[in-house]
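Shown below, as structure tokens, is a lone chain in the form predicted alone; questions about how it binds or moves come after it.
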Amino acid sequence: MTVERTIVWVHGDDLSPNSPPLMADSGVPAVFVFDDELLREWKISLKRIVFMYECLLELPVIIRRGEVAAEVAAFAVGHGATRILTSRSPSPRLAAIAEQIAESSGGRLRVEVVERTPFVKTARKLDLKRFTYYWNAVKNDVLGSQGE
């Protein structure tokens, strides 16, 4: 019987110690990659980067920086893993990165998405670039009439 080795890929949409992938397979190596391209394209502020870094310090992850698909794949290969657990994100960018990991490895690496209970369910298209835009779109769904 072959035991499949696993790593966890933590991304910016799930910086929680209660992240389902971290909880699903605790004790396995986990990685977070600061996405250079995303930081540059979205002009992420230093304040936001520091906030994310401080969140990451609370998690059992190795922090890397660079091209996410390549870094996650290298981390998996370095740990002899073939299975990568991550959490669902509404970001199409993260779905594309997951596909890129599987394709670039020739199918040797498999990315499994672990569902998490959504913070809020909404049928509206959400702008995820800034928390304020997101919050203004969903606060009434979360707080009801108290959000007004």
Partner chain sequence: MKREFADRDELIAYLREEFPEAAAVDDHVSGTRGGRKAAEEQLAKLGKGKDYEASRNYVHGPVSRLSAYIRHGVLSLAEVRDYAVAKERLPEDAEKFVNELAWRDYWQRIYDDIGDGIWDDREPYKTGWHTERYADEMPQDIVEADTGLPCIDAFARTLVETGYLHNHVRMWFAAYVVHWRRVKWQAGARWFLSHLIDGDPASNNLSWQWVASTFSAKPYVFNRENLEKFTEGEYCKECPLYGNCDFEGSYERHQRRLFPDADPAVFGDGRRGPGRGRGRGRR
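Note that the structure is predicted; figures quoted are calculated from it, not measured. In this text, the rigid core denotes the largest set of C-alpha atoms whose superposition between the two forms falls within 1.5 Å. Numbering follows the first chain given and starts at 1.
Missing here is the form predicted in complex with its partner chain; even so, the following discussion is about that form.
*Looking in the predicted complex, is its partner chain within 4.5 Å of a heavy atom from each of 3, 67 and 85?*
No, the whole trio is out of contact, none within 4.5 Å by any heavy atom.
_Using a 4.5 angstroms cut-off on non-hydrogen atoms, would residue 91 count as touching its partner chain in the predicted complex?_
Output for residue 91 is yes: heavy atoms within 4.5 Å of its partner chain.
_Quick check on residue 103: any heavy atom within 4.5 Å of its partner chain in the predicted complex?_
No, no contact at 4.5 Å.
*residue 59: touches its partner chain in the predicted complex, heavy atom cutoff 4.5 angstroms*: So residue 59 counts as contacting its partner chain.
*Is residue 37 close enough to its partner chain in the predicted complex to count, meaning some heavy atom within 4.5 Å?*
No, residue 37 sits far enough from its partner chain in the predicted complex that none of its heavy atoms falls within 4.5 Å.
*Residues from 3-35 in contact with its partner chain (non-hydrogen atom within 4.5 Å) in the predicted complex*: Contacts from 3-35: 12, 13, 14, 15, 16, 17, 18, 34.
*After the core is overlaid between this form and the one not shown, has the C-alpha of residue 120 moved by 2 angstroms or more?*
The answer is yes; the displacement is at least 2 Å.
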